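Next up: just one chain, as structure tokens, the form predicted alone.
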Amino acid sequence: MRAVIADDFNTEPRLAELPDPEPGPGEVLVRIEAAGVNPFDWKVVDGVMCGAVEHAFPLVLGSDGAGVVERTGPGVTGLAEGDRVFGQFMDVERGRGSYAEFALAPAEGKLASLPRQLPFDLAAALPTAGAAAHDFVAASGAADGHVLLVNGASGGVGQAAVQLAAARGAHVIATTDPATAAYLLELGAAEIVDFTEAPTVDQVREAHPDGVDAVVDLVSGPAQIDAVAELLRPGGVIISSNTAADVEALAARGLRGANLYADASPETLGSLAASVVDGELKVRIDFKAPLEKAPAALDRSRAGSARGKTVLTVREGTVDA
């Protein structure tokens, strides 16, 4: 099968031919139709988890994918050949990922059924970004009357977070550049902060001198997040996607903080899929490329050029079935 692999940390991903994998007990082999690209994919190559978990090389890249069950391993009862599924496939300890014509995943815990109305490309764009937005907004406590800042709203996670928070009744402030501002307003943002005009913190403080209730921060590192946290009212909460929040230091200031990752459970995936089908959640794919162009797609993600989701079409001409 064709797959995009990394031969080691800090190496250039490349297209390679690998043997077709075989499902073991409790596993399913999925014929991948589309794979979603996330910043975490290139961060793995950079060694973000080096030392924390063993990596098997060559490592097939990619977490998110959507496709059709090709075969099932011993003991699998919940899924069958021909079922449409989507979810997360990355398993660095076994060198597995979704940037391939076939991918393995546990039959339980990582995959969800894919509604017929949802195309493979949109489904592949959902798992990590959608689950992250779902969990971050839930942890923020966004509700009617709350003011929530989504810091870094231009990409897939930010766009989903804006919609989910607005659906809860929150007054959403979205940071972006001019290219995505109008679209974020369509998605439900009440205010736009153009970070190219002036520092985000200064603009938000001027517009909300009494502070905001919560922040979903998708861009700040440890050196920047304290300034963002100063925008919070007493008792406010800041959620970081970059492990930047010092929870104890924030607590000493009467604030709450959390460092969260996407938990793409089947229940969350099912809820997200239903929201897309019902038109309640919009997913913008702003860049699509064939599997062999994955290295270029990763470079584009690394450069911060994404204004939506990036998807790899694994099988040419196949999107819906």
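Note that residue numbering follows the sequence shown and begins at 1. The structure displayed is predicted, hence computed values, not measured ones.
The same protein also exists as the form predicted together with a small molecule; that form is not shown, yet it is the one meant from here on.
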>> Just to be sure I understand the contacts: of Gly236, Gly156, Gly87, Gly97, which is the one whose heavy atoms reach within 4.5 angstroms of the small molecule in the predicted complex?
In response: Gly156
> From the list Val60, Ala262, Val28, Ala34, which entry has a heavy atom within 4.5 Å of the small molecule in the predicted complex?
Replying inline: Ala262
>> So in the predicted complex, is the small molecule close enough to Thr128 to count as touching (4.5 Å, heavy atoms)?
In response: yes
>> Val219 versus the small molecule, in the predicted complex: is there a non-hydrogen atom within 4.5 Å?
In response: yes
> Is there a heavy atom of Leu111 no more than 4.5 Å from a heavy atom of the small molecule in the predicted complex?
Replying inline: no
> With the partner left out of view, is Thr11 within 4.5 angstroms of the small molecule in the predicted complex by any non-hydrogen atom?
Replying inline: no
> Residues in which of 246-254, 131-139, 205-213, 79-87 have heavy atoms within 4.5 Å of the small molecule in the predicted complex?
Replying inline: 131-139
